[in-house]
Each structure stands twice: as C-alpha cells, then as structure tokens.
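The chain below stands alone and is given as structure tokens, in the form predicted on its own.
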Amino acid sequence: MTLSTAAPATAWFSRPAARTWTCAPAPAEVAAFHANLPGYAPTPLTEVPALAAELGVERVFVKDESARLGLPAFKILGASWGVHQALRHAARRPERLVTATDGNHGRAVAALARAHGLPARVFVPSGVHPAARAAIEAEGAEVVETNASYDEAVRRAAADPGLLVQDTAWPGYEEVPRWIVEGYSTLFTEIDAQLNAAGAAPAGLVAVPVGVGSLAQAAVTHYRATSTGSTVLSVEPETAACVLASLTEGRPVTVPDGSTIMAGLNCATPSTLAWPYLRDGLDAAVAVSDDDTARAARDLASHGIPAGPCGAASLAGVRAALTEDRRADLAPAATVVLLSTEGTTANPAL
C-alpha cells in the first residue's frame, strides 16, 4: 500500500475524453439482495428548484442518504453486500469482523456484525468525533483508537486476525473492496428509476463526495456501463484531495495528512481498486474548502435535507465546478444529481 507522496493538488481537474470510456456493469443481483433486507426502501431523491435556478440548470435533485436501512449514511449498502459475500466465501466462520473507519463505514460493519451474531473490532484514526465513536460502540463494537492517520488505522485493521471488511483496496486485498463497491450500485439504480418517475432527463451531472474513491468507482461503473453520457464529478476536501492529486499527476499518490470537517473524506491514499476507474472514467475532480461545505450543509438544511459535511460536499463541489471559467470543461447537463451521502452530524463547525 506504499505509494508516491505528492503535495496538495490544484483545485480542479477535467478530462472530456472520460465519457467515451466504457466498462462492465455491476452484478444485477445486488439490487435484489438489498430489496430483500428488512426495512429496505429507496432513499429520497428530492428536487430543489432553487438550486437549479442558482446553478443555471433545468433541474437539481439531491439523493438523501440520511436514513438508509436504519443508519445515517449510504455505507450500509456496500458493507451489507460485502459482508454477505465475505461470509459466504469464507472457509470458516470468523472470530469477528474487523475494519478501519472515519465513522459511517465502521458503524455499518458493526451493525452487520451484530446482525450476524459476531463481535466487531473497529480501528479509528485520530480526529474522529466522539459522537461517531459512540455510535459505533452503540452497535456493540469494540473501538480501537490509533492516534494516527486513516491510512495507519487501515494498516492496524489489516494486521488483525479477524475477517477484514475494508472499503479501500491495495495489492493483495481487492476482493472484499470489490464486493463493497458492487453494493453501492443499488444507490444509482434507485436514482435512475426515481428520475424516470419524476419525468426528468437522465442524470447529466452527478457529484460524488470522495474519500478513497470507492463510491466514485461505483458511479463511474454505473454511468460508463451505459451510453447515458453522464458527467461524473468527484469532490474532495482541499486538505485531503488524494484523487485529485493522483489525476493531476497521472499516477496514484499519497497526500500529506490534513484536517477537515469532512471527516469521512479525510483520506490520503486512493484505493488501488478504484484508481483505474477514476483515472479513465472520471470527467472532472474538484477540491472544496470547509467553509464552502459548511455553507452547503446549511443551505441543504434550509431546503429540508439533513446533510453532514461529507454529504454537503457535493453541493459545494458543483458550485465550484459550474463557475464561468470551468463550466466549459463539462458537457451541458439538464439534470444535476447531488449525492448527499450522510445525515447531519454533531460537528460544531456547522
């Protein structure tokens, strides 16, 4: 998992040729698996005309992941399919499930461990909000503080003898992350159906908050497996823009550790599994400030959408991307979809 280190990247990257790249779709059975889970229902896709007027597009929709299968984030989609597949393929029943997290992924794995009658051990980096730790512990997991970076927390989790359920990949560890990415495909299947039901054009621009890049990989897979011509935009914190730095340099790099209110996006190294999809299939990448993301969270709240910093990053990113000097780098989009990947948090910066 050792990669080259780079200084913080510039705030913008675009590649018009990306929309001509193609790949195979996610397995069709993933959506059926989720539909059979207790309490499953598609999360809301909320139209916000005021944002459409502000951004100069026909329609804007926000995919609200603040209540997904009883948890306040989209992560349970990937974790549930990943755990299902990992247990199904395991040679023996594991002694526990193990993961590293900035918050929501760890809580999802902990909840799934409890549902399967297994203990869970969750490694967290320094800077994780006490409320996020408490939420993981409330699911019955043991939380191990590393007092180090997210990457170091991942290394600690990988050394644990339990069954690792991690949403980032490195050479030799790609099977479980691939299943987790497949699990995220249900989110995009829902969006397609919801836009159709609303009489809207297919998504022309989709904004995806990015940590290690797994959700963005799922977005690229979905939109490049068809001929929709959708533009996929990744959004990262200015202080942890590892995907943007990698795209700028044309190779995977690790950025210096930083701090941000977007705790779930505070990742220094892109997933090796995601990287080829991001390199070839992302149309554009942008980095946003904490101030712009805090404003976006307040604006979404004013429209009745409860978004934490990671979820609100998508709005901040589209605002930064659709400026006069950058809009020309993107294909025209009648319908914009913002992925609000988490609900409100206890972060005092908001």
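All residue numbers are counted from 1 along the displayed sequence. This one's a predicted model, so the numbers in the text were calculated from it and none came from an experiment.
This next part talks about the form predicted in complex with a small molecule, which is not shown.
Heavy atoms of no residue among 76, 82 and 182 are located within 4.5 Å of the small molecule in the predicted complex. For residue 264, a non-hydrogen atom is located within 4.5 Å of the small molecule in the predicted complex, even though that partner is not displayed.
The small molecule is not shown here, but in the predicted complex it comes within 4.5 Å of a heavy atom of residue 215. Using a 4.5 Å cutoff between non-hydrogen atoms, residue 166 does not count as a contact of the small molecule in the predicted complex. At the 4.5 Å threshold, heavy atoms of residue 211 reach the small molecule in the predicted complex. Note on the partner interface in the predicted complex: the residue among 231, 104, 186, 246 having a heavy atom within 4.5 angstroms of the small molecule is 104. Only one listed stretch (67-75, 128-136, 115-123, 188-196) carries heavy atoms within 4.5 Å of the small molecule in the predicted complex, and that stretch is 67-75.
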